[in-house]
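Have a look below at one chain only, the form predicted on its own, in structure tokens format.
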Amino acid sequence: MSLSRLAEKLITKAHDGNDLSRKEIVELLSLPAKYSSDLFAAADKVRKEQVGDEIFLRGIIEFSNYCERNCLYCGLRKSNSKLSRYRMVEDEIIATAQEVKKSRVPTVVLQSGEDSFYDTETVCRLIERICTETDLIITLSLGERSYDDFKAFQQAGANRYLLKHETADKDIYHYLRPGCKWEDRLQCLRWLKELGFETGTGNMVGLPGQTLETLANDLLVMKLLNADMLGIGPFIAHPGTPLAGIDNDDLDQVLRVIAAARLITRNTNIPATTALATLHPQGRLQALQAGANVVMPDFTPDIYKNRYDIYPGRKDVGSAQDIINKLEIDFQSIGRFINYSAGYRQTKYH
């Protein structure tokens, strides 16, 4: 079979919603660059059919940059002694959630390093106050917790939880995250689904040692988990970490994985991450044209924003409302618009 015929066959099969084997996913991801536009167009069409032209917003509050993990690539790693650490107090977090509410963004994402300073009781109190004082949809991104913690968070009023599996290659995972177990990560994701959270996972593209087979396995993990949200972004090593200096500028490969995720999972919510803008000024817009449908503006107060230093070159600067106003113009340029509703995964909740 000619390469052009193979490309057409694979993209058509994926577009039509037929299951792809691991081998076929690898073939899809390995097509020459000249076929990328066809892949992106197919994913964009499925995005339009499944979730429409709306772009949903989630307002992030990065409330602590302390972390008890020592991941080899992340600027928040506990061994990074050069990082100026901070923890927002409860009233600061609530006041920032009020700013999210004022901006009409319906969902707040409470995100931090894995910081047990915020124990179960504290997190539950925050959730209850946000529910009572703002009525926002609450997404948590706090890392691995126990089943009982997850259950308590849900009972307090949390709706969603983000926990990237990072990579489906256990050896790479254990290397990148010393002391962590891939199986524990997957168990947390299963618990979240079991408890009824709208559950997000995702991976990094461009990891050292990663292969197309690994990326195919990542996509199959997302599908098997029936994840509702998929965070897919580039691997970017912080200069203050052991993996500093490893370059990754392959935006096309990240976009291919986003497009494949849309084709394989159909109606999931897929963010166009801010990390994409570090690879290309239009990286986020390109992701929105390759299957993504969510953007997450950063509401973290300016005194803390630059200190949540996960990776270098973060692009969202200025007030959250200014960022949203600019996003709205950008979205209009590609024929898309903001929907200020909750944006749950459609077939599951409607």
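From 1 onward, residues are counted along the sequence shown. Here the structure is a predicted model, which means the values were calculated and not measured.
FYI, the form predicted in complex with 5'-deoxyadenosine isn't displayed, but the following is about it.
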query	finding
Cys74, Ile236 and Ile310 all contacting 5'-deoxyadenosine in the predicted complex, non-hydrogen atom within 4.5 Å	yes
Contact residue in the predicted complex, from Lys164, His280, Arg129, Lys101 (heavy atom within 4.5 Å of 5'-deoxyadenosine)	Lys164
5'-deoxyadenosine: the contacting residue among Met204, Ala261, Leu110, Met88 in the predicted complex [heavy atom, 4.5 Å]	Met204
Stretch in contact in the predicted complex with 5'-deoxyadenosine, which is absent here, among 66-74, 297-305, 31-39, 281-289 (heavy atoms within 4.5 Å)	66-74
